[in-house]
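As structure tokens, one chain now follows by itself in the form predicted on its own.
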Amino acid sequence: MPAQTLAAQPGRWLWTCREGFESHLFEELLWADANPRLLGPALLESERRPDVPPAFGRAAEKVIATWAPAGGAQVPVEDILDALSGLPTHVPWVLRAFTPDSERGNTQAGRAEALEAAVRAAIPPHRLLEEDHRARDAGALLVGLCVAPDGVLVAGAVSAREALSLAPGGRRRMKRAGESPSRAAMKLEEALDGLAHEPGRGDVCVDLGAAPGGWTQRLVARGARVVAVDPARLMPELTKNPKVQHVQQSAFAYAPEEPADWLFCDMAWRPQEVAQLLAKWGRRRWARNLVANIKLPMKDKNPLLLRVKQILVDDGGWEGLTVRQLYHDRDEVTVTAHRMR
């Protein structure tokens, strides 16, 4: 790790990740011949953006300009506006300042907030799109200001339709519902937030390894019917819910009576065995959509993920596969896919 944050190079791609996973993202970018460079905790850059998004990259934007003034002096707003002047103005902008998701990066939150307010005040209001959830439909440009430690500031941009995440720096913070039994509910909410469509009223969902019911609870709240598969007990409120069918059985032994619209899985189990289970569901066309959480080993994370992808696609026939370490994921990744019937 560099002793101080390094300045990104204009024309290259700036990547954010979870602190402690820089080496895994570096390895993915290296395998893709993207010529990566480590800039500091939770920050990397690469010569190009791979066609297949790396699992450990939360967000990526093309670098427009970088500043690293001596003594960490504040960069004048006029200099930032001058750097942004070459960006297209025929599409709306979504402007956000963010910090790296690291212990040192989080100390820059106040600086980032003040900088965003200053730059926003200097841009004509009609140029800015406030609702980031509309960014892709509006063809907007995500304009990011990465406020890093050691006085480093990076300006970058990426089309919303090509962005890995619409959240600043890829940190999509989901609010924890008071009645949710665990952090698992937030993981599911973040996973669904990135999908083109999500389960709704009337959809049939199977939740493998459901107990104590964090994912089942959020699916029912959306109006879906859920078959919760787990030998352990669910929350009392779920056992009384007419939209929930609790099957007290191992997920590996369970077979559905009819195909489901969605398959969900968040099991603390060996990743290759979970992948083989999910592949069986795809191969037998037991579900049309997949959202699953895969736990990662302490070592050899990237080779393991390659094997998981191979199992899901080659053995399971799942299509449109994405593998991402989301903000609410820890030593795990979230997998999404679909299967045409």
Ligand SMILES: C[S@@+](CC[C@H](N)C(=O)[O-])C[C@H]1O[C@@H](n2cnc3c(N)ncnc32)[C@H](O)[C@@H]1O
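Bear in mind the structure is a predicted one, so any value in this text is a computation, not a measurement. A residue's number is simply how far along the shown sequence it sits, counting from 1.
Beyond what is shown, the protein has a form predicted in complex with the ligand; the following relates to that form.
Determine which one of 123-131, 245-253, 103-111, 151-159 lies within 4.5 Å of the ligand in the predicted bound form, judging by heavy atom distances; exactly one does. Of the options, only 245-253 has residues within 4.5 Å of the partner.
In the predicted bound form, the one of G200, P76, G86, P231 near the ligand [non-hydrogen atom within 4.5 angstroms]: After the contact test, the surviving option is P231.
Could you check which residue among V220, L115, C205, A184 gets a heavy atom within 4.5 Å of the ligand in the predicted bound form? Only one listed residue qualifies here, and that residue is A184.
Taking 4.5 angstroms as the cut-off for heavy atoms, does E189 touch the ligand in the predicted bound form? No - in the predicted bound form, heavy atoms of E189 and the ligand never come within 4.5 Å of each other.
Would G209 count as touching the ligand in the predicted bound form under a 4.5 Å heavy atom rule? G209: yes, in contact with the ligand in the predicted bound form.
I'd like to know if V94 sits close to the ligand in the predicted bound form, meaning any non-hydrogen atom pair within 4.5 angstroms. Contact with the ligand, no.
Touches the ligand in the predicted bound form: G169 (any heavy atom, 4.5 Å): G169: no, not in contact with the ligand in the predicted bound form.
Neighbours of the ligand in the predicted bound form among 252-279 [non-hydrogen atom within 4.5 angstroms]: If the 4.5 Å heavy-atom criterion is applied to the ligand in the predicted bound form, 252-279 yields F252, D266, M267, A268, W269.
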